[in-house]
Each structure stands twice: as C-alpha cells, then as structure tokens.
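As structure tokens, one chain now follows by itself in the form predicted alone.
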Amino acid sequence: MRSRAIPTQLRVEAPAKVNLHLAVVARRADGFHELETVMSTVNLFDTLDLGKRDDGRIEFFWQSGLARTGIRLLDPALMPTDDRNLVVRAALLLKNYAKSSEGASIVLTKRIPTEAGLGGGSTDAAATLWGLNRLWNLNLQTADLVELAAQLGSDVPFFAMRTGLALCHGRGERIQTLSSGDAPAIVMAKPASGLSTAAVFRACHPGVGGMLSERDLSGLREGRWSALARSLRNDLQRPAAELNRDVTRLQRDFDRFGLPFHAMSGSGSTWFGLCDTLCQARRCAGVLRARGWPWVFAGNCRAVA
C-alpha cells in the first residue's frame, strides 16, 4: 500500500489482485479449503483516508469511486459500516491486540467492484492494519500484521505482506514471495452480475489437478506466460460458470484476443487477460466496452503495494 502522511492523517492506497493460478487442493476439517494460489497485485486501488480520533471510537464511511455506468457494481448490502465490514473488524482487531486507546475515522473510496474476485474487502482490511499501525505509532512488524490478517480472511495476509507477486498455500496465510522481471500489462472485465465466494466454493470439487512444479515457478518469475498457460488454472472457473452464464460469455470474448494467458480471477465474476503491452491491453479494453461489458480496466500487474 502506498501512503502519504501528515501528523494526524494518513492516506493509504489498497491494490486489487488477480489469481494467476488457483488450485483447490482439499476440503479441510475446519470447513475451509486448502489452496495453492499465485496472486499478483494490480494497479487498481481503493483509497482509505484515516484520521485520528481522541475519543477512542472507530468511525467508518464509504463512497463509490467508480464511474457511473447505470449498473450497480458496488452492492451496498456487501458494504455495511459496522463491525460486519472487514475494515472495521481490522481496526478493532488491531486496537485490541495493541491495547491502544486511540480511535480513528476511516473513509473508504471504492474503485474495486464487489463480488468480482479481485480481493476488494481483503485489501481494504490489510490497508487498515498497515495504515493504523503507522497512524497510531504502534511499530508492529510486518510479521505481526500478517498474523492478525490471517484472522480476518484468506487473502488478507497476501495484501498485508505488501508484495506484488506471491505463491500462497493453506488458506492463503503461508506466503512465498516470487521475485520477477517486468510486470505484464493486464485487461480485466466484469459483468453486472457477481458471484458469492461461499457459493462457488460449495460447488467446487477439490483435488482435480496437480500442483505447480519448480519449473512452473521459475516460469512465473521469468514471465513466460505462453509456456505456462497449460500449468496455470483456476479450479473455481467451472463451478462459477455453472452459477453465472456471464462468466462463459466473458471467456468467449477473451478467446478472440489470442492473449498468452487469460482466466477468471478468484471466485469471479471478473475475467482477465495478460497482454504484451499496455497499448494492447487498452485496445482489448476498447473492444470489451464496445461489446457492452459495464466494467473494464486496463493496467499493469504487480503494483507497488
């Protein structure tokens, strides 16, 4: 997360992510799933404006930073302002862990759509941990924040690590940073419809394919996307497509571009493709907009976190 600080205020930018690979290895006894996933940040950001409060309270508001399309891309039902929201839960968790008497006012500007598979809620929670740690002068280490992040959700530790590209196992809490060369350009599109993460996981069948090899990981570091296309997969694509026909429609539109790699991100409903250049990503984005998809983004992977 990038930040700009003044004595009693802090602005934190929270990046979206895409899953370059997502294998559902097994269903665990605790009800969660054992995962192997490769995640990359993207230069699409939510923004959190944090301010100190003297009364010890946590006050949270949110607003849309998405362009008006006439189609709802942020579901207010998924954005409560009480402790059902991951931002508030993260603030309270940090406050209790540090035994801090500090309070905060948090204003979140959302640019990452909900029910998109882009980690919007998780990145906001991680940005809250990181930002309030600095605003409140708690001086906690990254390892402490990652441990707290694991209590909030499967993708939150990845964002709390502030790394651009990583291989994650377990629920996402075991993280191996992957160094890499130039970041590829990316084009993403989301239909008006979304998908419930819980519903997609309920419909998936764990343990269908194999795990990534060391050769695959070397390819990831070197950015050899064409050679990796057969190894990388998302085990949630099939159940997502069964639950939402828009996923299949998006896949067909991306097939036309001849990109080195394209897939669904997370539990959907966003589809993304890796491009050779940003110009190519923007050309693809123009075609997708012309075909009527309500949310389209062209940018780069591995944003500075």
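So that there is no doubt, residue numbering starts at 1 and follows the sequence shown. Since we're looking at a predicted model, the values are computed, not measured.
A second form of this protein, the form predicted together with a small molecule, is not displayed here; the remarks below concern that form.
(request) Determine which one of 92 to 100, 153 to 161, 108 to 116, 129 to 137 lies within 4.5 Å of the small molecule in the predicted complex, judging by heavy atom distances; exactly one does. (result) Contact-bearing stretch, as computed: 153 to 161.
(message) Check Thr197 for me: does it contact the small molecule in the predicted complex (non-hydrogen atoms, 4.5 angstroms)?
(response) The answer is yes: Thr197 has a heavy atom within 4.5 Å of the small molecule.
(request) May I ask you to state whether Val247 is within 4.5 Å of the small molecule in the predicted complex, using heavy atom distances? (result) Heavy-atom contact with the small molecule at 4.5 Å: absent for Val247.
(request) Spell out, yes or no, whether the shortest heavy atom distance between Phe32 and the small molecule in the predicted complex is within 4.5 Å. (result) Residue-level check for Phe32: yes, a contact with the small molecule.
(request) Verify the contact flag for Phe201: yes if a non-hydrogen atom of it lies within 4.5 Å of a non-hydrogen atom of the small molecule in the predicted complex, no if not. (result) So Phe201 counts as contacting the small molecule.
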